[in-house]
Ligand SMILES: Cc1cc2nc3c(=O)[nH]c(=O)nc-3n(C[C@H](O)[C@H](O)[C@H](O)COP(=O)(O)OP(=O)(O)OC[C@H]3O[C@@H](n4cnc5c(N)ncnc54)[C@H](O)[C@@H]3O)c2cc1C
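Coming up is one lone chain in structure tokens, specifically the form predicted on its own.
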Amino acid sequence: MDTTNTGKTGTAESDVIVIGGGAAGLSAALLLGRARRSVLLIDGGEPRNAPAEGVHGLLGHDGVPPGEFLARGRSEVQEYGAVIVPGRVTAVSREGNRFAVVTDDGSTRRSRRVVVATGLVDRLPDLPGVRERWGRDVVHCPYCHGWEVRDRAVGVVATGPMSLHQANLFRQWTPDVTVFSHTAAPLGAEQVEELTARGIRIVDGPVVGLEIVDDRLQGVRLADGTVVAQEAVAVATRMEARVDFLEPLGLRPVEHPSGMGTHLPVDPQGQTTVAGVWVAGNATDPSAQVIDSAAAGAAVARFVNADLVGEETAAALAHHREHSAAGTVPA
């Protein structure tokens, strides 16, 4: 059910359906709305950064709570006639030269083009305390949370090669960094020397959980019962693109070259291998921050509009030539 807007996109078909109402999706819908396109945005209501206190690194909006940021974006999008509906998309398929988008309430909506901006899911390490503190004092990105944990004791729970890169990055924000080897491969001599040179401590052995007292992170608990005092913990999540609903089109996520998880590859314009389907934001770029995703959404929107203009121009030209040949006046 359309709940927020009954503008020009109240028709059965839209120029563009945008799937996902985060920074990328809203930005795409905003630009397309301003281009006088009929836009339907379907939002599953699962923003990745919901646990965070604020959005950071976004010029003009630094520190704004994620919910407030999205509410502003939704309001701006609706000013240009776009319709926003809640729902989880379960399948996208092709019907001739149109797309059919099915949601979990059984509704089917159709459009000429589709923009996918559903982001990704962070698979957290299975350790007691991590999920409960996620986005608070358990973090993953120094550019998102580094300032908030600056000069504090930060423990990096290593699960793979990216964890050492993560430790070196957090060292930029605090001199007190500890790497817990946990499930990562044994460190080589060169890696140990590099960490030691930067003043990063190494604690060997598996981690069994986080120590939480009175809603405060106290430290990292090792398998032998030792608790190493820490004020924040960094973990490397496995990032999985949220695009399973594209399976009917033959589009499937693949492993990202960085090893961070999966993504859906696109060309430099954000288009997939299926003509008419574009992707913006974390679903294709796992490392994109809010500002990157917003920019990607705007860029994709321009390409989508240009594609539609090209289609409409070709149709107009064919119509014109048909009547010119017949000596009639085009309607």
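Quantities reported herein were computed from a predicted structural model and do not represent experimental measurements. Just count from 1 along the sequence shown to find any residue number.
Separately, the form predicted together with the named molecule exists; it is not shown, and the next lines address it.
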In the predicted complex, does residue 290 come within 4.5 Å of the named molecule, counting heavy atoms only? yes
Would residue 122 show up as a contact with the named molecule in the predicted complex if we use heavy atoms at 4.5 Å? yes
Looking at the partner-bound form in the predicted complex, is residue 16 within 4.5 Å of the named molecule by any heavy atom? no
4.5 angstroms heavy atom contact with the named molecule in the predicted complex for residue 67: no
Taking the named molecule in the predicted complex as the reference, which of 113, 109, 256, 145 has a non-hydrogen atom within 4.5 Å? 145
With the named molecule left out of view, which of 117, 154, 83, 207 would have a heavy atom within 4.5 Å of it in the predicted complex? 117
Establish, in the predicted complex, whether 23, 56 and 281 all lie within 4.5 Å of the named molecule, using non-hydrogen atoms for the distance. yes
So which stretch, 281 to 289, 31 to 39, 263 to 271, 298 to 306, is the one near the named molecule in the predicted complex (non-hydrogen atoms, 4.5 Å)? 281 to 289
Partner contacts in the predicted complex for 29 to 56 (non-hydrogen atom within 4.5 angstroms of the named molecule): 42, 43, 44, 45, 46, 47, 48, 49, 52, 54, 55, 56
